[in-house]
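Below you'll find only one chain, the form predicted on its own, shown as structure tokens.
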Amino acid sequence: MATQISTHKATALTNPSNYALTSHRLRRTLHDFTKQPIVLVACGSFNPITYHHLRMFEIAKDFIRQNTDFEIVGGYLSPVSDEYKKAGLVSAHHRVKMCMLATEQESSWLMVDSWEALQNYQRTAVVLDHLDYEINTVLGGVSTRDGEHRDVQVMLLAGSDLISTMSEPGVWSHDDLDDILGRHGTFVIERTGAALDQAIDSLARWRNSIYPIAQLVQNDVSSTKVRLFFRRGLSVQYLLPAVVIDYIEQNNLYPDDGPCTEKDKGKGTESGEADISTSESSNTCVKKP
């Protein structure tokens, strides 16, 4: 069973004007008073969001229900800011909107937090601390059926490439690793062939708060491939929600520019970007400091 990690009360962070945390699907009452309430958070470009991003939450949900003492009370996608300045990154306004359309149509429990997208580049640790503050301090956490207050543990959901970068010396600051892994914890979707065990061994101090999850059905759909399909005029039906496809076409976000060149094909990690997904390293990311 999962080792419960003590929650961390973050201090108030500056919010963009007119910002308010989306919380309409945040469940405020625990079903099982013996469990620790958690919220899953995925940080990334979502350029665009695909079914694979949504599927990762469901994979984690099954694992958590069957193997841990946690109870999920909500899930958030946090699109990266335009200040990330990655080539081909459409505006945060569009990426937030696509995530909202996808979650509202395809999920009953996922939400989008626009805080990160609406301002300057923010580190992953800061994003998690922000949500900790908004959920536990501003909203007051959750309660048991008997009215007992509980703080919610905000936990990162990411792909196995994330842990690989965290185990590399000098890539992440020790303080941020201690915040992300020590105070919050992470669920990591494994990728076939990734040396996840070795990476976790390098992060032995936080081993008890890193939860690797196997993919029972392999899925290599990525935003990079979806963008390439759009550029080549190929069908993307069933790779991402129809409502997102319609939005992309209405706003001409990824225009058809003819046959791709070699440089359009799959790229590796760059600028410290580690993939949230398990097969893509150039569009959905968890940021280093």
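Given the structure is predicted, the values throughout are model-derived calculations rather than measurements. A residue's number is simply how far along the shown sequence it sits, counting from 1.
Note that the form predicted together with a small molecule isn't included here; everything after this is about it.
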| property | result |
| --- | --- |
| Listed residue that, although the small molecule is not shown, lies within 4.5 Å of it in the predicted bound form (heavy atoms), from R150, H130, R183, R123 | R123 |
| Listed residue that, although the small molecule is not shown, lies within 4.5 Å of it in the predicted bound form (heavy atoms), from M155, A102, L162, I135 | L162 |
| Segment that reaches the small molecule in the predicted bound form - one of 61-69, 41-49, 22-30, 243-251, heavy atoms within 4.5 Å | 41-49 |
| 4.5 Å heavy atom contact, M98 and the small molecule in the predicted bound form | no |
| Interface membership of Y76, the small molecule in the predicted bound form, 4.5 Å heavy atom rule | no |
| Partner proximity in the predicted bound form: Y211 to the small molecule, non-hydrogen atom cutoff 4.5 Å | no |
| Close approach of K86 to the small molecule in the predicted bound form, 4.5 Å, heavy atom | yes |
